[in-house]
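First comes one chain, alone, set out as structure tokens in the form predicted on its own.
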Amino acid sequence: MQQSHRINNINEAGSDGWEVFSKARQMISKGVKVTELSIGEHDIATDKSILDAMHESALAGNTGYAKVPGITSLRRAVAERVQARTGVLTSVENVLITPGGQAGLFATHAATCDAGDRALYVEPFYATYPPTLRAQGLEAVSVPTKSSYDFQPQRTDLEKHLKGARSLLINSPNNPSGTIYSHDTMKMIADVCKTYDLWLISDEVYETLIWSSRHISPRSLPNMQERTLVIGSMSKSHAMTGSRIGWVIGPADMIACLTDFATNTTYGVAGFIQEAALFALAMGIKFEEKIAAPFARRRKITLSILAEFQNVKVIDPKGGMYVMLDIRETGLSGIEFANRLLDRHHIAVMPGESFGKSTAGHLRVAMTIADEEYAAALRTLCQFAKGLSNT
């Protein structure tokens, strides 16, 4: 029996971009100690008070089918949060609760594009973006950027790929680069979407991890509410990665359609998880700052160490939990460097090639382990690169 072309085409050329990560996990399973700087997972667990709220909700009986668009109290809390942060009027009808941001990515493209349509996404991109689009039979087309422009997309590059496009997916603050799109960049993107009649899908799951600059949600720009779908999540802001709780913000009529889609795919999110998310949001900005604080510290550690090494260049991480390093002076690709680093020093990082051609010869380093261990691993990486540059 033959599988569908759509399912076989998910990973282009048979690669999912996670080979180095998988290799590191295989080494760990065999008892090798590996320092993992490869995945965006907090080095702290979900706060006990959130887990207690989840437990209490489950014991209270919230284990049956929950409302598919989300319980009203959580949708209202998300709407109020979005409105307070962006200044854009947002109601319960503008919110769909999803099983994490990934489900939101899938649903928004199903709602905006038909099979065979062209769907654009900007490099560098989170590794699941192109497979998510190809899984729906879309023509997934990446828009390149340059590290010399801090990976800010340029209008000329966007316009080269617009013929037949229905949607544009962006991610700011950006994973993997840490770039935050400037106001001018967002205005340009908004103008392109209006001029060429595109849906804009804005992945904003890192919007609480801001170190410099300012995050701008494109939904807040003039005449963009009706063509913008925003993806949010509790994963990064509240260290709730495994709880799989997120949302989509959009026009009320689109949210109604997305609710129909969710009814026939995920069938919603467990009520006790939604209750825990509601409790977590009520903890306020101070709690979110507490979750963000380790990454702010490690950003400073990163910049201090890299100042000592001229052969490794850093793209200023303005937000997020990663740093993007340019190691092209070593003469190696990101894939070659990452594999050698793993083999010789048992340090796992993600090669830039996992996130598009624009980051070839780069590495994504996750700032997701304790400060001292992180500093030691980063220094080893830089010294390894220095040795390669001198050969």
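Given the structure is predicted, the values throughout are model-derived calculations rather than measurements. So that there is no doubt, residue numbering starts at 1 and follows the sequence shown.
Another form, the form predicted together with ligand PLP, is not on view; read the next lines as being about it.
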Handout entry: Full three-residue contact with ligand PLP in the model of the complex, heavy atom 4.5 Å, for Gly101, Asn175 and Arg244
Key = yes
Problem - in the model of the complex, the residue from Tyr121, Phe151, Tyr126, Phe295 that sits within 4.5 Å of ligand PLP by heavy atoms - result: Tyr126
Completion exercise
Picking from Thr112, Ser235, Gln274, Thr90, the single residue whose non-hydrogen atoms come within 4.5 angstroms of ligand PLP in the model of the complex is Ser235
Completion exercise
Partner contact check in the model of the complex: of 253 to 261, 185 to 193, 287 to 295, 101 to 109, the stretch with a heavy atom within 4.5 Å of ligand PLP is 101 to 109
Handout entry: Close approach of Val205 to ligand PLP in the model of the complex, 4.5 Å, heavy atom
Key = yes
Practice task
With heavy atoms only and a cut-off of 4.5 Å, decide whether Ser167 touches ligand PLP in the model of the complex.
Solution key: no
Problem - ligand PLP contact in the model of the complex: Thr145, any heavy atom under 4.5 Å - result: no
Practice task
Indicate whether ligand PLP has at least one heavy atom within 4.5 Å of a heavy atom of Asn171 in the model of the complex.
Solution key: yes
